[in-house]
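The data below hold one chain only, encoded as structure tokens and taken in the form predicted alone.
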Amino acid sequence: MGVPHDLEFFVDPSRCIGCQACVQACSECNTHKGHSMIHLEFVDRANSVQTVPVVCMHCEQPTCAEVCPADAIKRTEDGVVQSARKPRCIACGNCVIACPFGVPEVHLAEQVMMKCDMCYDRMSVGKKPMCATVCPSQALFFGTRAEIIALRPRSTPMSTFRFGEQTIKTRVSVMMPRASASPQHLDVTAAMDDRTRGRSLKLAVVQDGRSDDTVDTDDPFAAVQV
């Protein structure tokens, strides 16, 4: 039994609270041998505690498989890219370097590449991936596209990514803020130069029991002293 094509995996970075529940649950998947195939990355660790879960995006044309000299990485008919097959994997690390999303990891003790396979042993029998079942904020969601659109009307799922001149389509979607003119793809390379934009806020100044004075600021963390 394969994974139904109407069921998809969605990642909403804005909802991640860094609780690590997904990391712990992933290691309990029967085929992971105690290893977690998901990890959290800090978006801007010097200035923020915001984290984002990193899972395999399950590309339509997986680069990791294309660069594997031993043909150890396979993509199933239902679009799930599997971990390297132990009998064939030579632990060369080509897949680690080639993956644009930074997902594959070579486990030296086992001498094999292991990565997120969306808990294929569970999904193929009608169950959800472990991480999606325990995420308290639903930053990781497994269901139909109609369900996620109904739950997140202000967001839109994105599954096409641009890295320079290369376009990659994935089975996993990332939830992006909905815009009046939704882009056809996310330009990852260009987004690397983005900077956080300030917001203009009006802060009430309390003086003599009154708060009728306001101060304009572009710094949301600015302190107002009187």
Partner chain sequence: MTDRTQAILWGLVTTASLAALIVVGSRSLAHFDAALVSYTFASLFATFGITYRYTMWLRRPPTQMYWRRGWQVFASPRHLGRNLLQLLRRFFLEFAANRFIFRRGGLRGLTHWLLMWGTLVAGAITFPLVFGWIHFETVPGHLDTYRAYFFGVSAGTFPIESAIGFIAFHGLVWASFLVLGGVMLAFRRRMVDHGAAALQQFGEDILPLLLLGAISITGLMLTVSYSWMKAYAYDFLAILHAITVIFTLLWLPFGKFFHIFQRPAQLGVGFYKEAGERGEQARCARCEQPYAPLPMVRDLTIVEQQLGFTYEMPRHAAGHYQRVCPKCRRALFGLAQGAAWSGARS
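Numbering follows the first chain given and starts at 1. Every value quoted in this text rests on a predicted model; they were computed, and no experiment measured them.
The same protein has a further form, the form predicted in complex with its partner chain, not shown here; the description that follows concerns it.
Undergrad: Since only the chain is shown here, I'm wondering whether G126 would be in contact with its partner chain in the predicted bound form (any heavy atom pair within 4.5 Å).
TA: Although its partner chain is absent here, G126 would stay clear of it in the predicted bound form, with no heavy atoms inside 4.5 Å.
Undergrad: Is G143 close enough to touch its partner chain in the predicted bound form, meaning at least one heavy atom pair within 4.5 Å?
TA: Although its partner chain is absent here, G143 would stay clear of it in the predicted bound form, with no heavy atoms inside 4.5 Å.
Undergrad: Using a 4.5 angstroms cut-off on non-hydrogen atoms, would R171 count as touching its partner chain in the predicted bound form?
TA: It does not: once its partner chain is placed as it appears in the predicted bound form, R171 has no heavy atom within 4.5 Å of it.
Undergrad: Decide whether A150 counts as a contact residue for its partner chain in the predicted bound form under a heavy atom distance cut-off of 4.5 Å.
TA: No.
Undergrad: Going by heavy atoms, what in 68 to 104 lies within 4.5 angstroms of its partner chain in the predicted bound form?
TA: C68, P69, A70, D71, Q82, R85, K86, P87, R88, C89, I90, A91, C92, G93, N94, V96, I97, A98, C99, P100, F101, G102, in sequence order.
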